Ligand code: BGC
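One chain comes next, on its own, written as structure tokens: the form predicted on its own.
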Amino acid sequence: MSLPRLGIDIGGTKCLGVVLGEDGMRLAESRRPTPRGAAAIVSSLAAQAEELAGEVGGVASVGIGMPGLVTRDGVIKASPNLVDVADFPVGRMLSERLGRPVEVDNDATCAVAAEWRVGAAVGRTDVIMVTLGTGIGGGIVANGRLVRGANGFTGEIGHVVVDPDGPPCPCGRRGCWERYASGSGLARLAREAAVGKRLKRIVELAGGDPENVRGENVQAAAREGDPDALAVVDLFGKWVALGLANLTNVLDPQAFVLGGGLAASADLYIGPIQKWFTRLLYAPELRPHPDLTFAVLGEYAGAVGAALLAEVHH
């Protein structure tokens, strides 16, 4: 029997580590707060990896998933959610600390690897994962291979511009897809509607101030059947579908896997997304449509995918 595989997913606030057995089952896990700065991150990751490996008597490989632009040789060029990190050679530094090779990739790329190999997209050869959270991340599998791009930066789909005159994005441009189709995009659509139309129930749930409206307020009002909230959900579904239709026109996937925080309320969004996807897709009546599925690994997807990197990178 081969040794298990270890993966750690680094987020803005926590590092989630798992050890996977041969069958993809989690044999051990741990959580640690994400420290500030490259040196502190490497020290914390090394300690977490050694602790997890010790729990199971050794591991065959170590993989790391991180947010941001990650090169093929494991350098974090930029990461919006990590403090004091740029041009950070985490792969080399951690490999030197552990005395073994370490695979590194973008967290959404790790997530698609996990859902493709042991999650919602098992058996598919062409898959796009879209993580709908504070922003939008993406991962792509094409022809049965993980797509990484010339530099390793494939999957920054949240920063495809859908309206060049749209709202500012933290990336420095305007009108990126994630300004409309992420969790923060849902809240922005609702705030705009609340200021213009006085969405009474949503504003009530936000404490009476339209500027305090969040995505959770929209979801709660929609579950009550509030027609104004359902209209916002429909508009949000249209923006999600627009991006999915564009991706379909470019990559022709078998399936989309939708993940991130909004996947927890999949039942609210799937109807509007499917309706608008059919309307926005090129020649929808003449082609097979990709399946729209929701991720099944939840918060573990990034760490599970990181554990699989040694397998899917080679």
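The first residue of the shown sequence is 1; numbering continues from there. The model shown is predicted, which means the values in this text are computed figures rather than measured ones.
Same protein, other form: the form predicted in complex with beta-D-glucopyranose, not shown, and the subject of what follows.
Contact test, all of Leu45, Ser61 and Pro101, partner beta-D-glucopyranose in the model of the complex, heavy atom 4.5 Å: No residue of the spot touches beta-D-glucopyranose in the model of the complex.
Close approach of Gly196 to beta-D-glucopyranose in the model of the complex, 4.5 Å, heavy atom: Gly196: no contact with beta-D-glucopyranose in the model of the complex.
is_contact(Pro253, beta-D-glucopyranose) in the model of the complex, heavy atom dist at most 4.5 Å: Output for Pro253 is no: heavy atoms all beyond 4.5 Å of beta-D-glucopyranose.
In the model of the complex, Gly243 touching beta-D-glucopyranose (heavy atom, 4.5 Å): Judged by the heavy-atom cut-off of 4.5 Å, Gly243 is well away from beta-D-glucopyranose in the model of the complex.
Asp226: touches beta-D-glucopyranose in the model of the complex, heavy atom cutoff 4.5 angstroms: Flag for Asp226 set to no.
Contact segment among 85-93, 202-210, 144-152, 105-113, judged by heavy atoms lying within 4.5 Å of beta-D-glucopyranose in the model of the complex: Heavy-atom contact with the partner occurs in 105-113.
The unique member of Gly68, Gly261, Pro272, Pro35 whose heavy atoms fall within 4.5 Å of beta-D-glucopyranose in the model of the complex: Exactly one residue meets the criterion: Gly68.
Contact residue in the model of the complex, chosen from Lys77, His159, Arg214, Arg117 - any heavy atom within 4.5 Å of beta-D-glucopyranose: Selected option: His159.
Heavy atom contacts to beta-D-glucopyranose in the model of the complex at 4.5 Å, residues of 122-157 in sequence order: Heavy-atom contacts to beta-D-glucopyranose in the model of the complex: Thr131, Gly135, Ile136, Gly137, Glu156.
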